[in-house]
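This document opens with one chain alone, in structure tokens, the form predicted alone.
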Amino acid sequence: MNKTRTTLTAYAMLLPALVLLGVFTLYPVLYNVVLSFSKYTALELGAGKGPSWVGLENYQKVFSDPLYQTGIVNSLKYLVVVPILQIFSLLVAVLVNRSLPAIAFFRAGYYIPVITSISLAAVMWEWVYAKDGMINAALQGLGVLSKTSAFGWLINENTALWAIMFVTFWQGFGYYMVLYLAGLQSIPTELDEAARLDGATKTQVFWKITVPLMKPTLMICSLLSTLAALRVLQEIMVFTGGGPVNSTYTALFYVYSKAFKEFDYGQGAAAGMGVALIGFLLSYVNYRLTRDQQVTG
């Protein structure tokens, strides 16, 4: 009787969260799947009509669209920022995981970009990347660029995507640094001390003890970072709008354009399913790597 009451109490406490999860997560996902197989535009919406079934027509149009293919390629290019971001965040976490004077100030300072709004960051970085901005001035001062060869980093098709990726790196490393710092502080200090007594160097302790014990945190952070890179949208909207020459046109920006500029909700849903499929595949790979690590451990 007591066990039954405990079980019912547990389900009752979970019920509000499950209802919210169903309404705001599960239902939109299922509706998006249905919408991706339907014709539903602003015309049907204005006429008071619902979605009408068209089968795979939306998928055929979206996947054969060169602009969507360009978006997929650019989104995959954006994943380059993931390993760089994770390695840098881990190294900074190791540096600030020490008892030094004013170390809390440095930890807070690294986190400031995380809480900086993308609009404010855009104002700052547009000035940095401008022809008369900080980067060109520094390169001209070092003699790398001449006075006449300065160019706008955000309006050049060869540099625009990489320039936006650096903003993502700048704004994200403080967040992952905090996660890695929490992981580092969960490692028992006795392991480090025992290794030192056995004659291990700092480098050996890092690679043989710290990194293996941090692998679950590395996997979670890598997954979060990968999905964030696939979902990049705000940066594209505020910096370039997909230009120049579609060099920063990502897959999710295509989804946004289809659904909220062209008001073709069916094709927008189909394009979103493509992005979701890529995210699912990457999540599965991460799960298998994490699972193998747990089994091995």
Partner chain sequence: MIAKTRAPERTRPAPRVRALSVLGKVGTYALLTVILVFAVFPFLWTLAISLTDKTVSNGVSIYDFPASLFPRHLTLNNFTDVYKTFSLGKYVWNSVVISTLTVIGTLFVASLAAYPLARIRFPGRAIILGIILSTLVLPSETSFIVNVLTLRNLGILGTYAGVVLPVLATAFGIFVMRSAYLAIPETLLEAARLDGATELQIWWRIMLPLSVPTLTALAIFTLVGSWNDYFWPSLALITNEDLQPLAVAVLKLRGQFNYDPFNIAAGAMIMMLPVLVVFLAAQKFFMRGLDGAVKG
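By rigid core we mean the largest C-alpha set that fits within 1.5 Å across both forms. Positions refer to the first chain, counted from 1. Not measured: the values here are computed from a predicted model.
We do not show the form predicted in complex with the partner chain, though everything after this point is about it.
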item: Location of the partner chain contact in the predicted complex, chosen stretch of 98-106, 187-195, 76-84, 155-163 [non-hydrogen atom, 4.5 Å]; value: 98-106
item: Residue contact check: residue 32 to the partner chain in the predicted complex, 4.5 Å heavy atom; value: yes
item: Heavy atom of residue 269 within 4.5 Å of the partner chain in the predicted complex; value: yes
item: 4.5 Å heavy atom contact, residue 202 and the partner chain in the predicted complex; value: yes
item: Exercise: residue 231 in contact with the partner chain in the predicted complex, heavy atom 4.5 Å; value: yes
item: The partner chain in the predicted complex reached by all of 59, 214 and 249, non-hydrogen atom within 4.5 Å; value: no
item: Contact residue in the predicted complex, chosen from 72, 209, 219, 130 - any heavy atom within 4.5 Å of the partner chain; value: 130
item: In the predicted complex, residues of 12-29 near the partner chain [heavy atom within 4.5 Å]; value: 13, 14, 16, 17, 18, 20, 21, 23, 24, 25, 26, 27, 28, 29
item: Exceeds or equals 2 Å, Cα of residue 284 between the shown form and the other one, core fit; value: no
